[in-house]
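There is one chain below, alone, in structure tokens, taken in the form predicted alone.
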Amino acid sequence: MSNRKPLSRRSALKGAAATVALGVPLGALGFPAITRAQAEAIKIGHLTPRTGFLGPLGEYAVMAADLAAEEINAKGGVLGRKLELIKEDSVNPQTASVKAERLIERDKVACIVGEISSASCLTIAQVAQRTKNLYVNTGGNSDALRGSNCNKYMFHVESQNSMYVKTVGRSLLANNLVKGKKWYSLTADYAFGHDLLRVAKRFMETNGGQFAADELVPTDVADFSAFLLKIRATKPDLVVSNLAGNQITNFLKQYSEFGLDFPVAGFGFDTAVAWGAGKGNFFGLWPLVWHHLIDTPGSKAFVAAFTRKYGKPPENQAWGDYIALQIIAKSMSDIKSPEALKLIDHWEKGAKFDLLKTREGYFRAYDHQLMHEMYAVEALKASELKNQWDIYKPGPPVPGPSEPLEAIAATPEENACTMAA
């Protein structure tokens, strides 16, 4: 039997240090060469509104981001390091800017993900550009973010307004609700709504229709009675919603209470706001970036995992934040780096990603918009509902399988983007 005492951890570390001092690499002796950088987590800043009229959507975003981080870490993290989310309520554009700067300067995040308000997206993007950090927008729709306000450090998982309008527009054309028709629109009175109205008017005028009236609706309005009385008097061929968040929930409830039967279509939509309207209060034709009924293995697995964790299915905003984190984690692993400029270069070169749909997607180098399929959904009648979640009949993916994904995106002529080097 040997009388040699077991080597203590402290003695082993001292010996290792001496070995390194003599120029012998630890790896040569079988020691794991774990640096401090490898041991530290890769931090991702998650900014999204969790209060106010967009709060219900923000909650889905947070739940999905948490699920994505858990799944990524369960598979070993990124580059052997844990992915850590630092989450903040963005509240408004000013707060979003302050918190974005704090996440970058104080918390040293590798990138920022999230947001729903287009106005807040812009302020976050300005911080990202100034600090040369990466920002991935998961909920802001404004075409201007991909056009006059585009910048090298901002990418968009969320679809732009043009994609929403062209997706639903195809169905409206097929149902003869454009040429020679009068539309009455209600528009959220902030950056997203203004931009959506501009894009909707362009589509309408291009296809031979006209607006009977445009109404700007402040984001804090809960009573739509005055607007609904005007709609009743105008008798439009179609009522168009350019509303956002719980504005849509309140509008749908009250439209039903007023007994109006003019056809309704929306150019901006989130499933959660329709779920909140209650049985019998959802109707019309609407666009979605993703929905929980998509029949692919990836979507089914996401829906099952989310439902198991939270007791309800995910909606489209949840998909955006979930898939953004999955894209980031995969890209960091593929290029073996969390550095912003390396990720930007990787994405601009056309890297493709599984988006839980029937086709892979990619970021368009011209404006950093994710090219992917969208969907038009038609509300089911109250008598057709089997549960509180499956409230619409989804159409096939748009664009179709024989079309390029860019078929529904704004063209460079429609939305010019010039990025500084």
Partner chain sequence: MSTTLFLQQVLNGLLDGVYYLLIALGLSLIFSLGGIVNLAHGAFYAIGAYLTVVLANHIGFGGALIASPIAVAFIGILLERFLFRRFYREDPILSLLLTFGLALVAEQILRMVFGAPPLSFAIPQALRGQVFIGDFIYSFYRTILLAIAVLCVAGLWFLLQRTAFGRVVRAGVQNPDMVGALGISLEPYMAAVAALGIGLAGLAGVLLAPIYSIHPAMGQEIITPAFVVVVIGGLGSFWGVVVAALLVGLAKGMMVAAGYAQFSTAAIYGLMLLVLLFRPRGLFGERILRFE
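Just so it is clear, the structure is predicted and the values come from calculations on it, not from any experiment. Positions refer to the first chain, counted from 1.
Another form, the form predicted together with its partner chain, is not on view; read the next lines as being about it.
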item	value
Its partner chain in the predicted bound form: contacting segment from 127-135, 162-170, 277-285, 196-204, heavy atom within 4.5 Å	277-285
Heavy atom of each of Leu216, Val221 and Gln254 within 4.5 Å of its partner chain in the predicted bound form	yes
Selected contact from Ser299, Ser333, Asn250, Thr95, since only one has a non-hydrogen atom within 4.5 angstroms of its partner chain in the predicted bound form	Asn250
Of Glu348, Glu84, Glu88, Asp189, the one that lies within 4.5 Å of its partner chain in the predicted bound form (heavy atoms)	Asp189
In the predicted bound form, Thr358 touching its partner chain (heavy atom, 4.5 Å)	no
Close approach of His291 to its partner chain in the predicted bound form, 4.5 Å, heavy atom	no
Close approach of Ala174 to its partner chain in the predicted bound form, 4.5 Å, heavy atom	no
Touches its partner chain in the predicted bound form: Phe262 (any heavy atom, 4.5 Å)	no
Sequence-ordered residues of 217-243 touching its partner chain in the predicted bound form, heavy atom within 4.5 Å	Pro218, Asp220, Val221, Ala222, Asp223, Ser225, Ala226, Phe227, Leu229, Lys230, Arg232, Ala233
